[in-house]
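Presented as structure tokens, the chain that follows is alone, the form predicted alone.
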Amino acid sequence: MEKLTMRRAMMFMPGNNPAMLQNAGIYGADTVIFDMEDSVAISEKDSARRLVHNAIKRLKYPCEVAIRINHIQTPYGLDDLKVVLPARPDLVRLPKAETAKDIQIVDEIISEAEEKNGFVPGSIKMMAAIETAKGLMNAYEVATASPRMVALAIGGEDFIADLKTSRTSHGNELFVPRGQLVLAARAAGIQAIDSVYTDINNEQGFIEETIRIKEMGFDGKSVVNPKQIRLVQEIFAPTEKEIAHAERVIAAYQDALARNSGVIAIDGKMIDTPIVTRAERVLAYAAAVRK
């Protein structure tokens, strides 16, 4: 079974906050994202880059470590990459991606850094946040612009501003963009990550939104507060019944392979490739819960 990297809860941390960088690994997020974009004032961009570089270089985190750079067309994006890439983050998140060219520019810079620093080629991955209507219309091209791409995310607040609408509790304003983003990600064979939920004190609203996006096919959610991590992971955790069924599917599949048989059935019901794929996904999520 191909190893699935879990990105159920991807937690943003301000890159200019030394205490939060130091403690980022203790909350149980699948990915920590050290932010050098929206949460960092222009006057602190330089210090944030140095702090993020040193944190990744010197500290051991028990999870995937990502950086959110400023967009490559701003005065800050290139410097973000120049300073932090030598520390070797696992993942680079590009905000406000609108074209394949955006991805290819960053990809080339990462390739140069990998060669210069002796890193394994292709070892630093990429994801892109879609935050405008134009970006969504080009989402598949963005998702397939580089073999480094592992996920598309939707940046809800900027997207809503671009649509010239406003946030609601039911989330109808993002229903179509979310659906289109999941389709683009799935067509490209990569993960789909939902936006942050900014009303930190509204736990019920957060739970309801997370259940909705799971049902839509998202793989995880960006979060801004440690208390949201456990909630996301509980919602994405498979039930015991789902795990038991998945184990039976995989056992039947492996038995059929051993017998060179193309016919797989459980309780009289035929098992085909999509069902095996879903079972593998359930077991991967179950394994992540047990870690």
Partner chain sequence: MKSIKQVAQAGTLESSDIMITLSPADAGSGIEIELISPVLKQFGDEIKAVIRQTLLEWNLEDVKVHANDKGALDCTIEARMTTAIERAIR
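Source: prediction; values computed, not measured. Residue numbers count along the first chain shown, from 1.
Beyond what is shown, the protein has a form predicted together with the partner chain; the following relates to that form.
Check each of I235, L59, V224, A252 and return the one that places a heavy atom within 4.5 angstroms of the partner chain in the predicted complex. If I apply the 4.5 Å criterion carefully, the residue I get is L59.
Wondering, does L51 line up within 4.5 Å of the partner chain in the predicted complex on heavy atoms? Yes - in the predicted complex, heavy atoms of L51 and the partner chain come within 4.5 Å of each other.
So in the predicted complex, does any heavy atom of S39 sit within 4.5 Å of the partner chain? S39 lies outside the contact set for the partner chain.
Although the partner isn't part of this model, could you tell me whether P18 comes within 4.5 Å of the partner chain in the predicted complex, counting any heavy atom of the residue? Heavy-atom contact with the partner chain at 4.5 Å: present for P18.
In the predicted complex, does S261 come within 4.5 Å of the partner chain, counting heavy atoms only? S261: no contact with the partner chain in the predicted complex.
Option from 63 to 71, 28 to 36, 236 to 244, 42 to 50 whose residues, in the predicted complex, bring a heavy atom within 4.5 Å of the partner chain: Looking at the other structure, the answer is 42 to 50.
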